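Below you will find one chain, with nothing else, as structure tokens; this is the form predicted alone, and questions on how it binds or moves follow later.
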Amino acid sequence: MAISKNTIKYLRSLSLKKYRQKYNNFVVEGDKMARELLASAPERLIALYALESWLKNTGPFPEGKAFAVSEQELAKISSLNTPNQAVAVASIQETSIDAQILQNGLSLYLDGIQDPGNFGTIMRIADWFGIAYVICAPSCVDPYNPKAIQASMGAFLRVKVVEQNLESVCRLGPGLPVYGAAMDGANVFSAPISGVGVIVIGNEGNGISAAAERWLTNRIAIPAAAGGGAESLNAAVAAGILCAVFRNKL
């Protein structure tokens, strides 16, 4: 059965934040991530649209939620330049911070990250290093932006994303070290840091906001090597280096 025009319109609308918020759904694309969704969180699946050959080789699927589409139909509903076999619609879950996990682990706080590719890559980094929470300021890009989901490579299924300002995070974990990545910070490789706390990554162009700055307990930096000519590091690259250094302290 051909996919309806209304369904195509609905699926394409989920590329916009206002419709993701309206329906409380987002899109997951591609063979690997669709399989991960089915394996790890089948209860979050709203609907799955895929090539018939893919459906035959995957499954089983929740009843009434998997639909075969043609390559032409897949191209109409996909946001990728080259559609990749399957497009799933998943539910957005409300998440809150467990104070005990926060106070005894390492979390990332993203202060105004705007690039969805950076956001998704940071999610993937958090997943690699076993970080439970990526907390984002209200000024961040939408975590369910299709490019962010794609760049996360399935990390959205394992890492909890919470939107919250840094003040409320600090009040939830009183005394918790809050490390801000700043150009004028102490050398992270020699600074007295622990494997517990919150690492704040600022906006790609402007760094950490004044509102977040006042809650920092430590300012840290990744020093450039002698002769290095780059003005700064990409936000996701910096997050990856900092997570590796902090995890080494455990």
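As the structure is a prediction and not an experimental result, all values here were calculated from the model. In this text, residue numbers run from 1 along the sequence as written.
Only in words, not in the display: the form predicted together with a further copy of the same chain, which the text now covers.
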item: 6, 21 and 46 each touching a further copy of the same chain in the predicted bound form (heavy atom, 4.5 Å); value: no
item: Among 125 to 133, 166 to 174, 67 to 75, 103 to 111, the region lying within 4.5 Å of a further copy of the same chain in the predicted bound form by heavy atom distance; value: 125 to 133
item: Proximity of residue 14 to a further copy of the same chain in the predicted bound form, heavy atoms at 4.5 Å; value: no
item: a further copy of the same chain contact at residue 222 in the predicted bound form, heavy atom, 4.5 Å; value: yes
item: Partner proximity in the predicted bound form: residue 189 to a further copy of the same chain, non-hydrogen atom cutoff 4.5 Å; value: yes
item: a further copy of the same chain contact at residue 145 in the predicted bound form, heavy atom, 4.5 Å; value: no
item: Stretch 229 to 244 - residues with a heavy atom within 4.5 Å of a further copy of the same chain in the predicted bound form; value: 229, 230, 231, 232, 233, 234, 236, 237, 240, 241, 244
